[in-house]
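A lone chain, given as structure tokens: the form predicted alone.
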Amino acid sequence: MAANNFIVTPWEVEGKVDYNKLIEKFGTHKITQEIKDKIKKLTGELHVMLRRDIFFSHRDLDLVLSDYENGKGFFTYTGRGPSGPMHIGHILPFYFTKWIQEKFDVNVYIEITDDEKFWVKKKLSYKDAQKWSYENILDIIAVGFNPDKTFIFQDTEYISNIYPMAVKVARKINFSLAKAVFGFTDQSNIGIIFFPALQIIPTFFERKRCLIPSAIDQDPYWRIQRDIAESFGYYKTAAIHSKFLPALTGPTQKMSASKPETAIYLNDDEKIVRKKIFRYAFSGGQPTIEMHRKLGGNPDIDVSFIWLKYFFEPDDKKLKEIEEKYRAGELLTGELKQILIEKINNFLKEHKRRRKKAIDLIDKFKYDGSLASEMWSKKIS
């Protein structure tokens, strides 16, 4: 989708995004206060990313909640393309998904698309795709998912279980539709052209409604599923969409794995975090201290503040105090960056601690846990 001053597609995000226009163009629905009130009633609280409208759009979230209230339940599905180390922008949706699992006591299926990344990334060897699958899975396990209700699977490893259904799905998707949705060209290899059929299958893992948490740029991937799901006797998948965590280098830019200065990686140490934020984090402050004290800063465009609002300062009162002091010029840009540095380093320290323990848990998530064992015992057909 392209507008006058921004572009949002599954492959490209540029410019200052107007999320209201995006809802209109994508044909999704805004998460209303009524829906948030229902979630709070069912869970006892709202996740910070719901309270602050970071997750702002949905498809059939109201039906998911109704299913839950009526005892039908639901499940969630998300994934990761293993082409390199994970950064903050990659991992935060998993923390939100874990919250859903905890609050609604649901199963979570996580697809590791090593096949897709090998087909798409020309410089990525098959061996490296396998290496990054393992490394990324450790980061995902470190989020804290329930091993008995979470199944993490690699496509190249689990393919025999999903291929029977993928064959049936593939026959319903013609190339013109796939080309329109995914942007395939005559130069696209035939592996990636077939991949959409594989990506749909996890939405059929249970005879319940599937809820997919993702950034809104990924929404087009699920429109095909919603077109064909009922013909197989399954529900149309539901989705809950987030806004974009901006790159360090600017509020209108997206993090890029090929540009280390745009992101904080999960394996960055404290010194690197400090260096990146002080050097690259886009500021909403004034050019001089004197001007900043007089005119104040603009937190709306300050990346450090945006990151705090997005996830890293969950206390609403503290966030409001930071915002007011920054606007009034009482809080300097360097001081605001220092707040974020401490939050990020504390987050990464705890994540790395849990990641070390994840090494001993990986088989339980992939093979030996309750849900993993169940999935390996059946074919999806």
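Numbering starts at 1 and runs along the sequence shown. If you're wondering where the values come from, they're calculated on a predicted model, not measured in any experiment.
One more form of this protein, predicted in complex with a small molecule, exists but is not displayed; see below.
Stretch 216-224 is the answer when you ask which of 181-189, 164-172, 279-287, 216-224 has residues with heavy atoms within 4.5 Å of the small molecule in the predicted complex. By the criterion of a heavy atom within 4.5 Å, Phe151 is excluded from the residues contacting the small molecule in the predicted complex.
The closest heavy atom approach of Pro299 to the small molecule in the predicted complex falls outside 4.5 Å. Residue contact with the small molecule in the predicted complex: His90 places a heavy atom within 4.5 Å of it. Put simply, Asp268 is far from the small molecule in the predicted complex: not one heavy atom of it is within 4.5 Å. This chain is displayed alone, yet in the predicted complex one of Thr249, Ser242, Asn107, Ser133 has a heavy atom within 4.5 Å of the small molecule; that residue is Ser242.
Contact annotation: of the candidates Arg209, Arg80, Lys309, His292, the single residue with a non-hydrogen atom within 4.5 angstroms of the small molecule in the predicted complex is Arg80.
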